Each structure stands twice: as structure tokens, then as C-alpha cells.
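Next up: just one chain, as C-alpha cells, the form predicted alone.
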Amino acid sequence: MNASYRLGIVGVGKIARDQHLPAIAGNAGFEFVAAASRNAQVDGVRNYADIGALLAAERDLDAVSLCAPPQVRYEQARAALEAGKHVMLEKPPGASVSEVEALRELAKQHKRTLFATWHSRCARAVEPARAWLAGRTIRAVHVRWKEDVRRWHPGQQWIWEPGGLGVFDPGINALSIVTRILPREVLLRSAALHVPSDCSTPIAAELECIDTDGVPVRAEFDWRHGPVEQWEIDVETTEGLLSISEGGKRLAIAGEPVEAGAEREYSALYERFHWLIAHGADDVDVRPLRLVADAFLLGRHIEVEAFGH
């Protein structure tokens, strides 16, 4: 890792503190120099109230990592790209597919790297699963991604507002894995969205999909589940069942555990970001977000009891 890039982070919430800051600290390819957040600061770096102030003051900054909610992601990314910075987007990369596509074109115009990250694709079971499935005949796929929203998003109102995705905020992690490990594209056919009467986004959803060969792909997402999370993907093949569990940490094939190496999701993301900058490349895959957008387009809305913020 030869070059070192000066990095700023925007949005200092739980995910930034728990995942991004340790990953940056462990990567010699980035020098963490500044942060921007309305309500928080990071010790040991320069802090600003918003991205505008950060960009105005930190002219020598090379790159920014955007960790704020998706509803503000486009404006932040646009400002950073127009200021000549490379940009890394926390998932989901934007509030809409069209926003991300516009950012992709803007990054090309300014000859800067845009990296739309999907951290669950870096879970240790994903690449071994992808390699094994590449040569197999798939019969069906079943996704169960369920957790307790009050544990994982306590007091966070943005997830219930338009663009906040609701249960698709974790569900899109499963879709990012599915679109990575399956050898063919996945198409949504129908969806049921369970929306609390006091919210704009669903608390649960069922998706009925197929791949381009007609193989059924069913996904169940629920934020009313607990106390133990259920983050599982089962792929039925003619040579046995491939099972991913614990969000991508564990892999089993035909009932036998498969050793998949160390867990290092966010470390791998920052290594990828560094490589992309160094090679003048980008990485923008909107397929997981597109499936979510299709669910809102094709889904049947079912009103359920109020969430009661």
C-alpha cells in the first residue's frame, strides 16, 4: 500500500464509531484528519458542523466517507465530488437509484472514485458461497432476515421517513449478498409491505422474486423479531443445501460447516476504497437498491399497528 490519502468522515453516529473509525485506524493507506457531524465530534481530528464547512477548510483532503442517513447522501456526495474529493458511500448509497446514477456520472466527469459500499458482501461466508454456487444447479433461494428494530435503531426517526427504507435498511444487506452469490440476475415479481399506521416505511416485508432462469427467490424481512437475530440465506441445489447464517459469518454446505476465514467487513471496504482510488476506478452496484425500489413500486401495502415512537 504505497500512497496515503487524507480522509474525512461525514456523519458520526453509531455505525461510524463502531465500524468505520476502527477500520480507518487500522488502514495505513488513510490519514484520518477531519470529521463533520451536527451532533458529535471525534477526538484527535478537526471537527466541523457540516460537510460544507469541512470542504471549505480542508482543501488538501483527498477523500470523504459518507455515513449520514441516505436522505442527505446525494447533496453531500455531490458537494464532495465537485470539490475534487473521492467519495465512499455507506449503504444504502442513496435515497433513490436515480440519485446514485447521477453521482456515478458526476464522479466520471470529475475523474474521481465513487465507491457504493455493501459491507455484508465482505462477510467471510460470501465469497466461498459465490465460488461454490458458480458451478451448481440452483433450485430455490430462501432469505430470512429478522431482528428487533428497537435494539438496532433506538430512537432513530429517519428510518421511518421516506427514503429511510424501514425494514429494508437491514434487508438490503441480505439482498446485497444474494445479488453477489447468485450467478444470474434477480427480478422482483411481487411484494407485501407491512407499514405501521404512524410510519411511511415498512416494519416487515415479503418479496417474491425469480432469477433470470425462473428459479424462485423468496425473502422475508421483519423488524419485530427477537431477542435473537435471524440473518439467514438458504440456497437449495442439486448437490445439497448451502446455508449462510449470522449475517454472513457462518457457511455450511450439505450440513457441513465450511471454514471461511476471519471477519473483517469494514476493513475490507477501506482496502477496496484505497485500491479504487489508486487505480482510478469506481465501484457502483445499484442492484440491491434497485430491488428495494422495485418492492416499493410493485409492493402491496398492508397497514399494521402503530409503531409508537
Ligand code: NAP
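Start at 1 with the first residue shown and count on from there. Just so you know, these numbers come straight off a predicted model, no measurement behind them.
The form predicted in complex with the ligand exists for this protein as well; it is not shown, and the discussion that follows is about that form.
*Asks:* So in the model of the complex, does any heavy atom of residue 67 sit within 4.5 Å of the ligand?
*Replies:* Flag for residue 67 set to yes.
*Asks:* Using 4.5 Å between non-hydrogen atoms, is residue 22 touching the ligand in the model of the complex?
*Replies:* Although the ligand is absent here, residue 22 would stay clear of it in the model of the complex, with no heavy atoms inside 4.5 Å.
*Asks:* Are any of the heavy atoms in residue 11 no more than 4.5 Å from a heavy atom of the ligand in the model of the complex?
*Replies:* The answer is yes: residue 11 has a heavy atom within 4.5 Å of the ligand.
*Asks:* Taking the ligand as it sits in the model of the complex, is residue 38 near enough to touch it, meaning that at least one heavy atom pair lies within 4.5 angstroms?
*Replies:* Yes - in the model of the complex, heavy atoms of residue 38 and the ligand come within 4.5 Å of each other.
*Asks:* Please name which of the stretches 221 to 229, 102 to 110, 71 to 79, 208 to 216 has residues with heavy atoms lying within 4.5 Å of the ligand in the model of the complex.
*Replies:* Heavy-atom contact with the partner occurs in 71 to 79.
*Asks:* Among the candidate residues 180, 119, 124, 194, which is the single one with a non-hydrogen atom no more than 4.5 Å from the ligand in the model of the complex?
*Replies:* After the contact test, the surviving option is 119.
*Asks:* Can we say 5, 86 and 276 each have a non-hydrogen atom within 4.5 Å of the ligand in the model of the complex?
*Replies:* No, none of the three is in contact.
*Asks:* Do any residues of 84 to 116 have a non-hydrogen atom within 4.5 angstroms of the ligand in the model of the complex? If so, which ones, in sequence order?
*Replies:* 90, 91, 92, in sequence order.
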